[in-house]
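Single chain ahead, by itself, as structure tokens, in the form predicted alone.
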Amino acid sequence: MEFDWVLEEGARLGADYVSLLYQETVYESFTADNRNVREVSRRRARGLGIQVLRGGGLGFASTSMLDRDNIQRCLRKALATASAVGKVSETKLAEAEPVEDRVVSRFKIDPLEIDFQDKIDLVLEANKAAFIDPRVKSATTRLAVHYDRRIVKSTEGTDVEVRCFTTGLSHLAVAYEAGVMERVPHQRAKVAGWEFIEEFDWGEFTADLSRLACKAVGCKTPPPGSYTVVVDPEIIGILLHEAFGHASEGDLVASGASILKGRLGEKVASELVTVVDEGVVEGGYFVPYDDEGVPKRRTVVVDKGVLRGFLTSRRAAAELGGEDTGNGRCQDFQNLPIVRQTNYYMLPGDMGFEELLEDVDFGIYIRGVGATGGQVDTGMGMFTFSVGPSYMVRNGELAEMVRGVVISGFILDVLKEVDAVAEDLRIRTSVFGGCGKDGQMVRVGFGGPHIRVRRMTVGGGG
């Protein structure tokens, strides 16, 4: 679809800068609940978002009606908004080199070409496989396929197209015994085609989650206190993303809503901690360019414990007086890009998992499978998370399982207490949701290696 005329018309009507985002998306979802198919859906959408600068004012408008007349009206609305805004505030954008490129995520089999019945059969069989024990009272399984195509063009000469396929399966197992209920959710997803679904045993995946729920339902909760904790890659990824990653987003830094404001060059973590944000990495989401057409290269946020940089969009980079890191992302064509993470993770160290356990006399191994979320205050750097069924550590070895584990603390204190980092590295993404901010959801990746934290507050819930 040709949109160059929109740029030319915007410039003719007095815009200092025009950029547009064209998007096509398809989302398929197949849900089985307690041995029955509950939902089968396919949603398609496409549209155009237009952003303009005129007289220092930023204007934006979008449309899903892509005939010339409606696009013309959308452009004029963006221009009118820019003129009105320019009277009360000024927006500046950091310099960006124009790029022309076309990129597609790696896939072998187009998942949209697979017959609906094959997808229904797969999710139903995976759901039935979860009922391995009478204590399993409920099981919900969901298969999803997402296709996203974005084209970014601007009057500066940028012309970038990114196409991406993501597939995956999620499952929730619920076990009940002696008045106690244990819910264990988990999912596996990958930026890939249908080959990812074909190569994995999803019946064993759901059965494993049922086994975990059945085992956990009979376990005790740990006594609350301060523990030495070994943290698995999923939980360190969530912690970094939620409690530290958002605080490193440049718009929050500029507004004063981040615990990291004014701390560039300071030691904010152990020297064993290096944190990066990267657009294309194995296991993560596919963001070679952001939604402003800026290349998303590796950004080092923390280097050996020292805060080295923030994530920025063109607007945030101008406000902070730094370079654009390619983190201007939007949920869809109906929204303006804001500063968002891409794949945010900790780099691995050189230790084995067993070495992390060896000198722990008494502690807990915190696991992410079955985690149910939590709360974060980016301004204060505080977090509380409910994690999955975990294990006590006694005399350097894994001991009994515990359930209802809740971790909490001040993220900078936790990162400074990291005294061992394993050599393994796992990064994951999701096709079922993403990261929310300012009413927008974007897909992200997160992860890291196993780490050891000398002191962390752990509690036990019901």
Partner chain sequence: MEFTRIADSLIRFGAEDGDYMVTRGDDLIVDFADKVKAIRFTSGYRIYIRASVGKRVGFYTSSDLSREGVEEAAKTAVEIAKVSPEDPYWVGAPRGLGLTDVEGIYDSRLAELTPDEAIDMVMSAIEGVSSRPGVRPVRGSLRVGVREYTIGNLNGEEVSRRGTSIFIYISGRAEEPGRSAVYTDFQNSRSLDRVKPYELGREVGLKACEFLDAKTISTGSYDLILDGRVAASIFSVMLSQAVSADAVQKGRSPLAGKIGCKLLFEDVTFVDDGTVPGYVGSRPCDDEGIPVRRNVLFDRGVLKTYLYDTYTANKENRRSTGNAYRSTGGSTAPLPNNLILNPGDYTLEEMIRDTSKGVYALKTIGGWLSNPVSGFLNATVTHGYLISNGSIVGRVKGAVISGDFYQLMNVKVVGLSKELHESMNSYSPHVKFEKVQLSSK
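All values derive from a computational prediction rather than experimental measurement. Positions refer to the first chain, counted from 1.
Heads up, the form predicted in complex with the partner chain isn't pictured, but that's what we're talking about next.
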If we test each of Y147, W202, F196, F385 for a heavy atom within 4.5 Å of the partner chain in the model of the complex, the one that passes is F385
Name the residue from D419, D33, E397, D424 that puts a heavy atom within 4.5 Å of the partner chain in the model of the complex. D33
Please determine, with the chain shown alone, which of 153-161, 247-255, 356-364, 269-277 has non-hydrogen atoms within 4.5 Å of the partner chain in the model of the complex. 247-255
In the model of the complex, L172 touching the partner chain (heavy atom, 4.5 Å): yes
4.5 Å heavy atom contact, K190 to the partner chain in the model of the complex: no
Counting only non-hydrogen atoms and a 4.5 angstroms cut-off, does S430 reach the partner chain in the model of the complex? no
Would G374 sit within 4.5 Å of the partner chain in the model of the complex, counting heavy atoms only? yes
Using a 4.5 Å heavy atom cut-off, are D101, K108 and H186 all in contact with the partner chain in the model of the complex? no
Quick one: name the residues from 261-295 with any non-hydrogen atom within 4.5 angstroms of the partner chain in the model of the complex. K261
